[in-house]
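A single chain, nothing else alongside it, follows as structure tokens in the form predicted alone.
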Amino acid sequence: MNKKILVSGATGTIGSFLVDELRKRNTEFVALVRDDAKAEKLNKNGIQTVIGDLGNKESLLAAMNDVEKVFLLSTTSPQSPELQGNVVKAAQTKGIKHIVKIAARGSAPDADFNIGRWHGITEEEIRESGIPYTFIHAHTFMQNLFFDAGSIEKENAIYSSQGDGKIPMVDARDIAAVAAVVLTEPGHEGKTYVVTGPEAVSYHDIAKELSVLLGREIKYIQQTPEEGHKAMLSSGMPEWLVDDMTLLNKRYASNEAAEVSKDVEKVTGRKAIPLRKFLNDFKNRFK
């Protein structure tokens, strides 16, 4: 059987939504997972899997048997260029016809933040490989607001060092919808799409929407960059990620990343999901 699409990161935030999108389209795909436990969970839901590890080149070659396209997504870390590079090399060997890679807004080999630079290194490797590609550069996920559920429940408050700045946060469902179209329809090779929400919002706006949604006042408590840095370290985030987020939050506070892209609508034919709908759809996550 021609499995056509190999989906990495299938159990993550974007990947799980992508799997749903591909199933709606009756598209043949196989999910790449690292262990039998994850495979069993997906198999019970009718999702075909293959065991493989981005750190094991031989397993990637085996996973790409009968595969035509690869959706490339993995946990971001200092090892990302090496691990995702293994996928690119295996794809070259197996003659893969299209790689669709998720990256961050602002990704480039010379980006001044770790996440963007690591993604950019892999994108450059993909370009040099000669494999047709599509890059999807995603802005901050609306789903990241789930991490604030604790302070919302316990303190009726949401914290950020983004000041009064606005950013067009994007629902991960829209990222998956764009990826599904790119993977299943022609004409997207060689393109980079920037995916954002339909409007730029501040944490003042988020607090107001949460207040309406939950029927009680949710306050936005502004942190200084130093306070935000300390809070992120205390939460257990790795130092490289704290450094990245501190830098990005300073830019967000200055409205340096407030530009709205129409690429979600351009690719999917529908408008991007607004913050209010996202919060209503996931209301139970904030109770």
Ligand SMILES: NC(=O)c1ccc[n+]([C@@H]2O[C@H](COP(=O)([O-])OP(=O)(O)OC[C@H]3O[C@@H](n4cnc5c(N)ncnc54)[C@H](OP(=O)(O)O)[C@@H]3O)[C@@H](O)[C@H]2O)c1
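In this text, residue numbers run from 1 along the sequence as written. The structure displayed is predicted, hence computed values, not measured ones.
Below, we turn to the form predicted in complex with this ligand, even though it does not appear here.
S.K.: Tell me, which of Val267, Ala10, Leu275, Leu22 has a heavy atom within 4.5 angstroms of this ligand in the model of the complex?
M.R.: Only one option qualifies, and that one is Ala10.
S.K.: Just to confirm, with a 4.5 Å cut-off on non-hydrogen atoms, which of Leu210, Val100, Val181, Ile115 contacts this ligand in the model of the complex?
M.R.: Flagged contact: Ile115.
S.K.: Is every one of Ile14, Arg34 and Ala104 within 4.5 Å of this ligand in the model of the complex, counting heavy atoms?
M.R.: The answer is yes; Ile14, Arg34 and Ala104 each reach this ligand.
S.K.: Could you tell me which of 156 to 164, 183 to 191, 201 to 209, 140 to 148 sits within 4.5 Å of this ligand in the model of the complex, going by non-hydrogen atoms?
M.R.: Result for this chain: 140 to 148.
S.K.: Report yes if any heavy atom of Gln92 sits within 4.5 Å of a heavy atom of this ligand in the model of the complex; otherwise report no.
M.R.: Looking in the model of the complex, residue contacts with this ligand do not include Gln92, since no heavy atom lies within 4.5 Å.
S.K.: Would you check, heavy atoms only and a 4.5 Å threshold, whether Ile131 touches this ligand in the model of the complex?
M.R.: Ile131 lies outside the contact set for this ligand.
S.K.: Going by a heavy atom distance of 4.5 Å, is Leu54 a contact of this ligand in the model of the complex?
M.R.: Because a heavy atom of Leu54 falls inside 4.5 Å of this ligand in the model of the complex, the answer is yes.
S.K.: Does Ala108 make contact with this ligand in the model of the complex, using a 4.5 Å heavy atom cut-off?
M.R.: Because no heavy atom of Ala108 falls inside 4.5 Å of this ligand in the model of the complex, the answer is no.
S.K.: Counting only non-hydrogen atoms and a 4.5 Å cut-off, give the residues of 59 to 76 close to this ligand in the model of the complex.
M.R.: If the 4.5 Å heavy-atom criterion is applied to this ligand in the model of the complex, 59 to 76 yields Leu73, Ser74, Thr75, Thr76.
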